[in-house]
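Below, in structure tokens: the form predicted on its own, a single chain.
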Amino acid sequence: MIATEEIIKTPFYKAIGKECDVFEHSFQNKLPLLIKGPTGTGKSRFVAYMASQLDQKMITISCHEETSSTDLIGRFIIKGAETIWLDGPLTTAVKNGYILYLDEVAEARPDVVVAIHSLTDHRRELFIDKLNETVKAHEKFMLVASFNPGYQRGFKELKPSTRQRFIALSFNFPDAKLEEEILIKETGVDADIAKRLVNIGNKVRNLTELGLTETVSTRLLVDAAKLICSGLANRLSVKVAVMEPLSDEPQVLTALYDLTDLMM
């Protein structure tokens, strides 16, 4: 588990719809928010942007299969000759009124979902079983979670009963013009190159016959644009930043390389 606590500097974020309004009203009404969407569509960037807009501290938990409720809530540690309690990031956020962002929450162990249940309904409280103590959430505490429903299936899927504890937003890839604008704003890349990169990204996204687990994210296109701006050859930048992360299969990579040569 990786937890980061920070006061967010305003990152660049371009709204696609009414997601900023939904987030703000969710915060005002003390409602937990679930953000659904493919990898690299700006979910984490959006949460950081809204934390900055609301002047809120934010703690991010990057969930994985070993993330447990103890990691989030806290544990006893030995300090010198004493055994003391150390609050975890969830407890810290609950007490201090921070935004707690569970990135890829479906990757975490089931006990994590159980631990946050009482924070996602009218109770807004956290039970710390090791202390036999219940903590009421600060009025400014907000729980935000994200996951990728297209990738996480089977045992990684969120239960309907858990989903219904959140209001939800669906994220997807931006339209071509907006994605070009994002690349230019983020990297300073030439408009013509930005257009080519976005065209390549959309072409791969539509190649369902390749059987890719993940497709081209805006994040990968930004990485390619950064390499191009630093002087790396255009096609090589696309191959190493966009195509190579998508697959290890030689035949698939050959097809992706051919596409790069054709469109770049």
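Throughout, we count residues from 1 along the sequence that is shown. If you're wondering where the values come from, they're calculated on a predicted model, not measured in any experiment.
Here the subject shifts to the form predicted in complex with a small molecule, a form of this protein not shown in this document.
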If contact means any heavy atom within 4.5 Å, which of 70-78, 130-138, 181-189, 114-122 contacts the small molecule in the model of the complex?
-> 181-189
Pick from 199, 44, 234, 56: which has a non-hydrogen atom within 4.5 Å of the small molecule in the model of the complex?
-> 44
Exactly one of 215, 60, 26, 218 comes within 4.5 Å of the small molecule in the model of the complex through a heavy atom, and that residue is 218
Is there a heavy atom of residue 39 no more than 4.5 Å from a heavy atom of the small molecule in the model of the complex?
-> yes
At the 4.5 Å heavy atom threshold, is residue 20 in contact with the small molecule in the model of the complex?
-> no
Determine whether any heavy atom of residue 255 comes within 4.5 Å of a heavy atom of the small molecule in the model of the complex, and answer yes or no.
-> no
Check whether residue 16 has any heavy atom within 4.5 Å of a heavy atom of the small molecule in the model of the complex, and answer yes or no.
-> yes
